[in-house]
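Just the one chain here, laid out as structure tokens, in the form predicted alone.
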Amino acid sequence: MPKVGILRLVASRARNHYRENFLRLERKLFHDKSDQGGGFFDAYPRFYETSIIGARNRLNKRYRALIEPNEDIIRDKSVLDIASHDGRWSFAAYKAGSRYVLGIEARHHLVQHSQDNMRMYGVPEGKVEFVLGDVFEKLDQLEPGRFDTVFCLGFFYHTMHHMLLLNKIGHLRPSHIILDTCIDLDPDSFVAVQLERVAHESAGAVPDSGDPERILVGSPTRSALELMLASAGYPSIKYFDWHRAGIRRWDNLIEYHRGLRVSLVAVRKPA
């Protein structure tokens, strides 16, 4: 067999071996029988139904990453929940002992679901509230010093206005930002840009261009994200380590496993 043919055969076998090992690993990640335990949202199963984004394992594992380690900056604090969806994280903040929570959401039906969920689970009136509208406009209507902690969970990569968002948050002077976002892993990139259809609940909701169906969004690299946070006055960052969290089953969490999505807390620079 010619040398070129041998090299191609070796390369093909190597690719197949890698693919088989990767698929074997993926099957284990998705079906590890040792990780069948419940989680926070199992006690509040409406949140599995009031949004199309409600996979059980995903919600419960994200609770462990976003709420449990951060109870000290949620308990007795006033919390702002940006892009609050069906109220899942606003409710989680309330159950973690927050003094007050305000959620901002751009989709009317999700605000309605949020309010229904709070009533269903007996949240006292005035403890958790929701406003309908564009987050950038609503942030301008809030007074500085009102909120101690800001949630930005799953919204940051659904906009191209990253610094505008962070500067508006910084103007409110919260001491902490809990942020969860997809990132781009290309070392030669700064922000990966794409068009996203707004019809889906998991997408950006308010087009800011002449296209009524799509919005321009961007996923920053980790280094770009850190530069943006520092520029907005939040230079101290602590990442949640998904790989040391005891997770054995990664259903609907594969982007965290691959490092394509990160969870962090950013702390405001002292005045």
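Model, not experiment: these values are computed from the prediction. A residue's number is simply how far along the shown sequence it sits, counting from 1.
This next part talks about the form predicted in complex with a small molecule, which is not shown.
- May I ask you to check whether Ala192 falls inside a 4.5 Å heavy atom distance of the small molecule in the model of the complex? Taking the distances in the model of the complex, the answer for Ala192 is no, it never comes within 4.5 Å of the small molecule.
- Distance check, Gly170 to the small molecule in the model of the complex, heavy atom within 4.5 Å: Contact with the small molecule, no.
- Item | Pro144, heavy atom within 4.5 angstroms of the small molecule in the model of the complex | No - in the model of the complex, heavy atoms of Pro144 and the small molecule never come within 4.5 Å of each other.
- Query: Does the 4.5 Å heavy atom contact test between Lys95 and the small molecule in the model of the complex come out positive?
  - Reply: Lys95: no contact with the small molecule in the model of the complex.
- Task: Could you tell me if all three of Ala83, Trp89 and Arg107 have a heavy atom no more than 4.5 Å from the small molecule in the model of the complex?
- Result: Yes, the whole candidate spot contacts the small molecule.
- Query: Using a 4.5 Å heavy atom cut-off, which stretch among 68-76, 184-192, 132-140, 118-126 contacts the small molecule in the model of the complex?
  - Reply: Correct option: 132-140.
- With the small molecule left out of view, choose which of Ala245, Val206, Ala230, Ala55 has a non-hydrogen atom within 4.5 angstroms of it in the model of the complex. Spelling it out, the residue with a heavy atom inside the cut-off is Val206.
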